[in-house]
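Just the one chain here, the form predicted on its own, laid out as structure tokens.
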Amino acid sequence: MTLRLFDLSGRVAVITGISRGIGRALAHGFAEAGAIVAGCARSYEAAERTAEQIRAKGGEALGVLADVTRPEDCQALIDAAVRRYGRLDIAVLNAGINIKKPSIDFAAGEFDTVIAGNLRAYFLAAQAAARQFMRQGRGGAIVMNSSNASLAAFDELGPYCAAKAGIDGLVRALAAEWGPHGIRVNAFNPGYTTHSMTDKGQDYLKTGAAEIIGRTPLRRMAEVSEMAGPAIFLASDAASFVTGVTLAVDGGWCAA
């Protein structure tokens, strides 16, 4: 095995949720590995801002407006990538949402929002990508951003834990079903990073830093840039016989 197996040069990768945090880091990481990036956000300006940063460094990227809880937007994202670049090779599903509060206080609508923004959105985007892969007849790679919250219990994250556990199950089901088409489906499961998707979560990263670090065997939180490597591995030829797996990227949190 050589490092060339990790090279994504010329491959077209759709990435959802590229405006900030892990998604933005994934977009930059995939571009640095040679991929052509078509990334979306719920704000065109935010998606295009990340795309412009990639282009400024010599990469190729396209920003797309899409709400991936909507099947028509998922399809439009794939169509935009194929229209511009002629094909699709990789789909990285990252966009998500979270509400942190005691489970006893969750309204039904809030539960639905968390499930829709994570599990439903991932299924719809994977479905749109798989249809394109099947039309092309050359297989493809789908990589989902899950969480160590799918593997362990966290206070005030009941629906989020359920959604992420659903993603892990979805990975196994789709890998089995779509494997005969040459489509690989995997997930990486981040632990605590220095960036949270919510203001309340960001506050906790500050106030709870000592507890988080003390509970993590590597004794630190991850930088969001450290999520790019595992995702690139799962999307690359280095993982050509890997499908249906969830890869913990949590500094040993779930092992401790």
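For every residue, the number given is its place in the sequence shown, counted from 1. Everything quoted here is computed from the prediction, not taken from an experiment.
Below, we turn to the form predicted in complex with a small molecule, even though it does not appear here.
- The contact residue chosen from A95, A163, V185, A129 relative to the small molecule in the predicted complex is A95, the criterion being a non-hydrogen atom within 4.5 angstroms.
- Think of it this way: in the predicted complex, the small molecule has a heavy atom of just one of I36, A231, A27, A41 within 4.5 Å, and the residue is A41.
- Per the 4.5 Å heavy atom criterion, the small molecule in the predicted complex is contacted by stretch 95-103, the sole one of 176-184, 80-88, 129-137, 95-103.
- Although the partner is absent here, R55 lies well away from the small molecule in the predicted complex, with no heavy atom inside 4.5 Å.
- Contact between I22 and the small molecule in the predicted complex is found at the 4.5 Å heavy atom cutoff.
- The shortest heavy atom separation between R220 and the small molecule in the predicted complex exceeds 4.5 Å.
- The closest non-hydrogen atom of D67 lies within 4.5 Å of the small molecule in the predicted complex.
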